[in-house]
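The chain that follows stands alone, in the form predicted alone, written as structure tokens.
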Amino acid sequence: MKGKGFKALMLATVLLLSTSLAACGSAGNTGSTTKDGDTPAGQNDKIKLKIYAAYFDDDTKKPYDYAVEELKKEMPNVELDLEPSMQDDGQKLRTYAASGNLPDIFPTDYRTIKAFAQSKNIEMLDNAAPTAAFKNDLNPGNETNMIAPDGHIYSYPFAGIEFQILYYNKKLFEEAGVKAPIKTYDEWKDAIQKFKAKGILPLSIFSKEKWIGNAFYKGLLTREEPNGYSVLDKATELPEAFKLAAQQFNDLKDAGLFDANATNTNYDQASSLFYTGKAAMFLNGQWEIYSSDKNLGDDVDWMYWPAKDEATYEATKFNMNGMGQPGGFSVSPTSKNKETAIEVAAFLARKYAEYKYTQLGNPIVAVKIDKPVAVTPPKMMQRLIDETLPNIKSFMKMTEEIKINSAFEDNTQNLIVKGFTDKNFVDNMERVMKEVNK
């Protein structure tokens, strides 16, 4: 989503949510069995759907609980059987797919969508009952969050184009004599030594999940190549910007930025280090604002990604470390109540977005919401709304090659480990690129 799209997000929207919800319920109002033998949501018989969804902290539990309560009002005969998803980069979901035991509804990102589309483990939603209205209600710029590069629709998104930023503990910065924000790598390396001298972990990262190391690398890359991984299509060698980001990553690691156990650290452990004042910085998406604000209050803020020099920092700080890609709630093609599952998936996506917008004051949602914001956003979110969203220059773009994306995740995780160098990173990546783009 570009800057203009974000401005549109913050304007009051006049499109009625009720129109699309009616579309979501259309199959259920027929009072008959669907062509697939599915029992629609409008009948009296209880329909139980298995859902696999993130449910482990306020950021994930509260929107889910809100959406479920709303579902009870709209489709009272539908019951959701929740299995909280694992923080395992989708491994358990892939195991379910391989064994033919997918839940009716499950969360997807683009990697999952592409793999499941090839293995026929995800329902194509192009002509599903809720799709036209949902697509019509997308906020400007969010088309890439719903429509896959192959032109098909496999999920109903609720988040807008999200991005990763660096959070920092203002109190620890002051104690260590570190000026915020950090703008250059020289300042960053100097700060690392000051934190270590005080016995403070410079940055906590939950690198047991591969995506977060990849996000760290992409943050460095945005300072030199705002288009991100898309420039690698058909390439067999890494451009200089990618090599520089790997070198900076490795230099920061060698300077002591990461904990020695980072690749075995999950989100709960990493966030606890930050919340309890043991780590000066923390990496996560802008959705982390709420948890960090709750735990640290006025002691926490966020900063843009540093660059090689201050001039580059000022010129590139609005090149955001995020990318629009399809994802959201998807449906198993083998669901015994597939049509109802599709209606519910679309409904839940809308209500997740509604919760984020109205109850958190978060404008970064996929679909338009006609209800007013009911809260005052945290200071860090208000800063994003006022300072960042109207000025965004670019988001990164992805490469469609799953093997290359997977290689980035593997090798950026490896970069956090001592002994694995930026040369190892470049050699490994170029070997995969030559295989894919030969």
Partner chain sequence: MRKYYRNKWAIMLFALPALLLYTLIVIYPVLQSMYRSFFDWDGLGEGTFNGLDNYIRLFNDPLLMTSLKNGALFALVLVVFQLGLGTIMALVIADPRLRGRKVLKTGYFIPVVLSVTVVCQLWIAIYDPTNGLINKLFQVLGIPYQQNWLSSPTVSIIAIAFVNAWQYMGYQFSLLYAGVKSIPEQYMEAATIDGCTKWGAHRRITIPMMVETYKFCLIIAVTSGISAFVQMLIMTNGGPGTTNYTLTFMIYRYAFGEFEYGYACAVAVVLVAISLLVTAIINRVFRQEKVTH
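Numbering follows the first chain given and starts at 1. Just so we're clear, the structure is a prediction, and the values are computed from it rather than from any experiment. If you superpose the two forms and keep the largest set of C-alpha atoms that fall within 1.5 Å, you have the rigid core.
Just so it is clear, the following notes concern the form predicted in complex with its partner chain, a form of the same protein that is not shown.
Student: Does the 4.5 Å heavy atom contact test between residue 421 and its partner chain in the model of the complex come out positive?
Tutor: Although its partner chain is absent here, residue 421 would stay clear of it in the model of the complex, with no heavy atoms inside 4.5 Å.
Student: Using a 4.5 Å heavy atom cut-off, state whether residue 136 contacts its partner chain in the model of the complex.
Tutor: No, no contact at 4.5 Å.
Student: I'd like to check something about residue 434: if you look in the model of the complex, is any of its heavy atoms closer than or equal to 4.5 Å to a heavy atom of its partner chain?
Tutor: Contact with its partner chain, no.
Student: Using a 4.5 angstroms cut-off on non-hydrogen atoms, would residue 319 count as touching its partner chain in the model of the complex?
Tutor: Residue-level check for residue 319: no, no contact with its partner chain.
Student: So which of 98, 197, 303, 132 reaches within 4.5 angstroms of its partner chain in the model of the complex, heavy atom to heavy atom?
Tutor: Among 98, 197, 303, 132, a heavy atom within 4.5 Å of its partner chain in the model of the complex occurs only for 98.
Student: So its partner chain isn't shown here. In the model of the complex, which residue out of 347, 168, 116, 106 has a non-hydrogen atom within 4.5 Å of it?
Tutor: After the contact test, the surviving option is 116.
Student: Looking in the model of the complex, is its partner chain within 4.5 Å of a heavy atom from each of 243, 247 and 399?
Tutor: Negative, none of the three is within 4.5 Å.
Student: Which of 168-176, 326-334, 205-213, 231-239 has heavy atoms within 4.5 Å of its partner chain in the model of the complex?
Tutor: Checking each option against the 4.5 Å cut-off leaves 205-213.
Student: Using a 4.5 Å cut-off on heavy atoms, what residues in 251-271 are near its partner chain in the model of the complex?
Tutor: Counting only heavy atoms within 4.5 Å of its partner chain in the model of the complex, the contacting residues of 251-271 are 260, 261, 263, 264, 269.
Student: Can we say the CA of residue 96 moves by at least 2 Å between this form and the one not shown when the core is superposed?
Tutor: It does shift by 2 Å or more.
Student: Is residue 86 displaced by at least 2 Å at its C-alpha between this form and the one not shown when the rigid core is overlaid?
Tutor: Yes, its C-alpha moves 2 Å or more.
Student: Any chance the CA of residue 106 moves 2 angstroms or more between this form and the one not shown, core superposed?
Tutor: Yes, because once the rigid core is superposed, the C-alpha of residue 106 moves 2 Å or more between this form and the one not shown.
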